[in-house]
Every structure is written in C-alpha cells, then in structure tokens.
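Form predicted alone, single chain, as structure tokens, below.
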Amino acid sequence: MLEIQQLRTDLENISKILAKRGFTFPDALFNSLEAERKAIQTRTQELQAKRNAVSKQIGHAKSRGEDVSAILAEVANLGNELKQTETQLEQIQGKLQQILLEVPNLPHDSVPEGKSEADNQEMRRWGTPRIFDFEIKDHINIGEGLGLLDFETAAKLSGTRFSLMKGELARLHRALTQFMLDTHTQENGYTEVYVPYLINSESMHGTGQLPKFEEDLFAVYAGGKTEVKNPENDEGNLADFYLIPTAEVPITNMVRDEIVPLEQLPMKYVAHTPCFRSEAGSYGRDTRGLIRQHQFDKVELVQIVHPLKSYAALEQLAGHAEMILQKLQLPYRVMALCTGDMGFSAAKTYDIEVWLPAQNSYREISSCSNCEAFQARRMQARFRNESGKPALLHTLNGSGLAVGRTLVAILENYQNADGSVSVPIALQSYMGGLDQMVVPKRK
C-alpha cells in the first residue's frame, strides 16, 4: 500500500508513475474524497473544541449556583453532531483506504519502462541448451510414456489442471523438494518453516492478494464449501479461510503487527507448500501439462530486511534461486520485468526462465521481487531502527523453485532417444542412487 500522505502532496507525479504500470489512478475521486475529508475533519475539530469549551462552563456555572440545564443541552447537541461528523469521517476514510488497497506499488527507478513481457530486459544467461539428435518430446508425452504421469485419472478425481504422478516420477518430485530445502537451509542461510495452508483474509490483505485478486483465490466457507470468491460481492468478506496461492502469504505475515528488533534482521525463511490458484486470468494458456495448474508445489524464499539493504537482498535472493538451476545443470536466463509486467506488490522483479526444449523457449520458473515497504505498510510490519524508533520493514519473496516446472525442465532436458530420462547427478542421492527412469517393458 502506498503512503497516503505521498498521494496528498504529489498526486500528479504519482499518477504519472502508476500510468507506466498501466494503472489509472482515480484522481478525481481521490481529490473529491480528500476535499470532503478535510471539510468534515475541520468541522469535527471545531465541534470537539467547542464542546470542551462549553463543558468547562458547567463547572464555573455550578460554582456560582447558576442553572446549567441550557449548557448541558448545548453539550448534548454538540455531542450528537460530533458523533455524526465522526461517523462521516470514518466512512470517507474507509473509502480512501479502499482506493489505496487497489493501487499497485510504485516501480523502482531501475525498472525498464514497458507495456508487456515483450518489453522485459534480459540481464544474463547461464548454460547452453542441449542439441538433440532425435525428435524432442514434451514432458506430457515423456511422463505418460514412462507410465508415471496420469492426467486422465487426475481429471476424474478433480477436473482439469490437476495431475497425478506415480512411482519414480512422484519420488523425483519429492527429491526436488528435499534438494531445494537442503540447499537453501544448509548453503544459503534460510530457516525452514512449516506454515498453514489455510489463511485468513487479514493475511491475504497484508501481502496484496485481497481485495484486488480475489477471483484468483480458492475461498473456504463454513461447512466445507470451497469455491472461487466473487469479486463483485458487496456483502464484505464472507470466507472463513483462503487456500494459499503461495507460501509468501503466511511467511510474510509472520511479522504482521510486529515490531522486530534491529538485531534480528535480516530474517530469511524457506518453506515447501502446495499452492492453489484458480488461474482465472490465464485465458486458456498452458491448459495441458504441468505448467499451469490449480494445485502445484513450490519452495518459497522470503526475506524481511532493513530498508537500506533490500536491493542487495534482491540480488542475493535471485542468486539463491539460480543456484538450484545451476546445480541441476538446467540452462536459464534472468529477465528484469518492465513496469507493465510486474506483479501488484512488487517494486522490482527478476523472472528466472528455464529452457524447455519442447517449446523451444525459456519459461518462467521463479519470480523474485522486492516489495519495499508496500506489504509492510499494509501489515504494519515494523522494526526498531538505529534511533530506536519504529520504521517499516522491506519484504522480498521468490520461488526457489516452482517444483512442478522444475520437474518439467528435467523431463525435457534430460530425455533420451529411447524414452528414458536421466536423473540429474545432484538428485541421484535423493533417489536412492537411481540414475535413470526407463520406459516399462511391454508384456
């Protein structure tokens, strides 16, 4: 959430910056509400001062033996009017707050300006895509050929955009998770946490999923009914819980309404969780396979840091995600997202894209963002600075990595002509020494 005082003093400039993100700030509505707020606030202050002055007269009049009924009536009338203005002020402030909750973060000065992913800037590449001397298969054909990936049964159980893995593929999926957690905890200094998968609306507001992206969430209601919330529902938030779209939500909210001692910074956490997304805005993209699912697993990295150190932390966090791909020997590139392609809460984002041979392209496998104080302001997450005063923290998050997409990359990059898939050296110890998944022989 942006600082409202910044909007009050620099609205024209802020609106221009937000326009670079493709967001149109409601200037006229904001100015109208602000003018109304100022008038009512002034009237409220006047009534408070008048009531205090009149109340003092009561004591003086009583000491002189005078009738105070008229003064008491005036105080009562002032009190009634004051309640009305206070209620009006609260309603206007609520409307202003609602505007703020739907405004995205301001992009950092270093973010390239652009309208879409076509305007993102490549920062670096690592690894060389493999040259195949046989016809490349996609991960769907590979997994089904191994008899280990079953979308048909998953659809029977749950519907489209779900998967079912068996045997060695399920074990490889688990091995990837364990490998990522071990790397981040043992080599990169993260503390592993186990977090709830059902989260309250306050937590969703804190990291920016609510209210703007409610249609992308799975909401859980009393009685166990689960459905996608209607963003046009005007009855307020009726959900008891939401299924987490990413572990970023519960981890970052650990510091909601807290004042963290300076010596505890930076705080670095990692968690493996399933993630649940309705994919309401995907418009039919990646409907087949493991790329875009309603349920998928992810190892998430979160850093909570001193404001002066957040951009160094962003480079570090992206490097930690890259480390996983390097250990797995998977080619990738790092892209700096442009203003029009960044997520709602981000001030700057790097997307790490892994090479997928069957698509002959790089696809996102991790998104690493610095949210600066945007989430912290929504959560009132603060630390006690060098002067001993409370100040807003900076929060960062990134995938380290998306497990399903990493599995896709391994199946496609490590495929062999006979349909088998070699197991990356870094994962073989997690697979009981298995170095290859082979196609079962037909009886």
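From 1 onward, residues are counted along the sequence shown. The structure presented is a predicted model; accordingly, all values stated were derived computationally and were not measured. We call the rigid core whatever largest set of C-alpha positions still superposes within 1.5 Å between the two forms.
Although not depicted, the form predicted in complex with the RNA is the subject of the following passage.
Is it the case in the model of the complex that Gln45, Gly59 and Arg382 each bring at least one heavy atom within 4.5 Å of the RNA?
Result yes, every residue of the spot touches the RNA.
Which single stretch, out of 71 to 79, 292 to 300, 344 to 352, 368 to 376, brings residue heavy atoms within 4.5 Å of the RNA in the model of the complex?
That would be stretch 71 to 79.
By the heavy atom within 4.5 Å rule, which residue out of Glu192, Glu117, Glu187, Glu90 makes contact with the RNA in the model of the complex?
Of the candidates Glu192, Glu117, Glu187, Glu90, Glu90 is the one lying within 4.5 Å of the RNA in the model of the complex.
Just to be sure I understand the contacts: of Arg124, Arg288, Lys156, Lys83, which is the one whose heavy atoms reach within 4.5 angstroms of the RNA in the model of the complex?
Among Arg124, Arg288, Lys156, Lys83, a heavy atom within 4.5 Å of the RNA in the model of the complex occurs only for Lys83.
With a 4.5 Å heavy atom cut-off, would you call Asn416 a contact of the RNA in the model of the complex?
Asn416: no, not in contact with the RNA in the model of the complex.
Spell out, yes or no, whether the shortest heavy atom distance between Ala28 and the RNA in the model of the complex is within 4.5 Å.
Result no; Ala28 lies far from the RNA in the model of the complex.
Please check if Ser32 has a heavy atom lying within 4.5 Å of any heavy atom of the RNA in the model of the complex.
Output for Ser32 is no: heavy atoms all beyond 4.5 Å of the RNA.
Since the partner is left out here, which residues of 4 to 35 would have a heavy atom within 4.5 Å of the RNA in the model of the complex?
Stretch hits, in order: Gln5, Arg8.
For a quick test of reading the superposition: does Ala417 move by 2 Å or more at the CA between the shown form and the other one, rigid core aligned?
No, because once the rigid core is superposed, the C-alpha of Ala417 moves less than 2 Å between the shown form and the other one.
Quick one: once the rigid core is lined up, does Lys50 have its C-alpha move by 2 Å or more between the shown form and the other one?
Yes, the C-alpha position differs by at least 2 Å between the shown form and the other one.
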